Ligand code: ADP
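One chain comes next, on its own, written as C-alpha cells: the form predicted on its own.
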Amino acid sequence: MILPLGPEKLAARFESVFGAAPDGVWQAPGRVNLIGEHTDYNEGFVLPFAIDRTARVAVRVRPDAALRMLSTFGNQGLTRADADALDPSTARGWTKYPLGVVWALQQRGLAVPGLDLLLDSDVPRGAGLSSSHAIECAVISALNELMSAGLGAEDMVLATQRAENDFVGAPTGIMDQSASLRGTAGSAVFLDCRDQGVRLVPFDAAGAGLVLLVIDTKVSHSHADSGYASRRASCELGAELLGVRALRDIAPADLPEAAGFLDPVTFRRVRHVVTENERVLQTVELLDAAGPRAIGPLLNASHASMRDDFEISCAELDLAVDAARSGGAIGARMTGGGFGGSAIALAPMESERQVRAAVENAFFRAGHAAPDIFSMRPAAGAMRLA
C-alpha cells in the first residue's frame, strides 16, 4: 500500500521543490462503483461511492503563464508547460490530467493563471478505481477556489468530463468525477447521468455485518484504449438503429423486439446496458428497503452481464469473482471500465479471511501476480485540506 503524505508534509515538500509555500492543499478521492457499469455515457443510472484513497495537490498561483508540475511517485521529473499554448498531442503521463483541466476551463472562457503543482496520490493506478479522475477533481477544486470561479459541482463534473474526452482522449461519462466531487461518508451516490440528479443512498456494510473487499488484480487498463471506445461506439450505434436518444430510453420489455433490428454483437452490448440500468434501480430499492445483505444476487448478475454481453472482463477478474464467491462472498463483480483493474466482493465479516485466502490461493495456482486486497467503505468527497 502506498503511504500518503499529509497536507503539512506535502506543503513542505512543495516548498523545497518550488522555493515558496503553496497557496493551499486540496484532495479528491477515487471511487468504487457498487453497480452500474458503462451506463453513464448512455444517460443511465450508476451507484458509485467515494473511497478513502485520494489524490492530493499542493498548488501555488504564478505571476506568469508557466505551468510547473511534479509528482511524488514515478521517475518523471519536473514538467513544464505554457498555459497559453496547451497541446493535447504533447501531454504525457499523469500531467495530461491537470493540463486537461486547465484546458477545459479555458474552453469555458476562464483565464487560468500559471501554476506550480505537486501531486501525491495513493489511489492505485490502473486498478479501475479512477485514479485519473481523482487527480482532475483535486485540481479543479483547487483552481475553482484559487480563481474564485464560482463553479458548482455540476459545472466541475462537465469540465472534467471535457478534459477526459477532448484533451486526454478517453470517451468516459460523468460517473467517476460525480462520485469524487459529490460523495459523502457512509453513502453511495445514486446518479442519474441524464440530468446529473443525485440522491445519497446509505450504504453501511459494517452495520449489516458485512465487509466490501476490493480485489486489485494488478492487470492494468486504460480508458483511452480501443476496447472502451469500441463499446461506446456499439452503444451509440444501437441507440441510433433503435431510434432513441440514448440506451437509457430502452426498457427490458423492448429487448425481444430490439433483437430483430440489431446484429448479435450490438444486441448483446445493448442488452447489458438496459439490464444494468434495471439492476442499479433494483439495488437502490433493496438498499432502502432491506439493506446491503439483499444485493448480492444483483452484483453477481452484473458481472455475468459484463463478462458475457459486454465482454469487458478478463481471466483474472473472472477468477477473482469466482474465488471470492467460493470463499463465502454473497456477491461479487468486476468494477470500473473493464479489461483489467479490480473486482469487488461483498462478504460477511466472519468470512473475510476465508474470502481473501480463496482469492490469493486461486491466483497463486493460476500463476498470476498476487492481487492486492483491501476493504473499503464510502468516504468524503473532494475538499480543501490546508
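Here the structure is a predicted model, which is why all the values come from computation and not from measurement. All residue numbers are counted from 1 along the displayed sequence.
Note that the form predicted in complex with the ligand isn't included here; everything after this is about it.
Exactly one residue in Arg232, Arg194, Arg245, Arg125 has a non-hydrogen atom within 4.5 Å of the ligand in the predicted bound form; which is it?
That would be Arg125.
Considering non-hydrogen atoms and a 4.5 Å limit, which listed residue (Phe167, Phe203, Trp94, Phe190) is close to the ligand in the predicted bound form?
Selected option: Trp94.
Taking Thr275, Ser302 and Ser313 as the candidate spot, are all three within 4.5 angstroms of the ligand in the predicted bound form by heavy atoms?
So, no: the whole triplet misses the ligand.
Is the gap between Phe73 and the ligand in the predicted bound form 4.5 Å or less for some heavy atom pair?
Yes.
Do Ser121 and the ligand share at least one heavy atom pair within 4.5 Å in the predicted bound form?
Flag for Ser121 set to yes.
Close approach of Thr266 to the ligand in the predicted bound form, 4.5 Å, heavy atom
Heavy-atom contact with the ligand at 4.5 Å: absent for Thr266.
Could you tell me if Thr160 has a non-hydrogen atom within 4.5 Å of the ligand in the predicted bound form?
No, no contact at 4.5 Å.
Just one stretch in 127-135, 289-297, 302-310, 232-240 has heavy atoms within 4.5 Å of the ligand in the predicted bound form, so which one is it?
Flagged stretch: 127-135.
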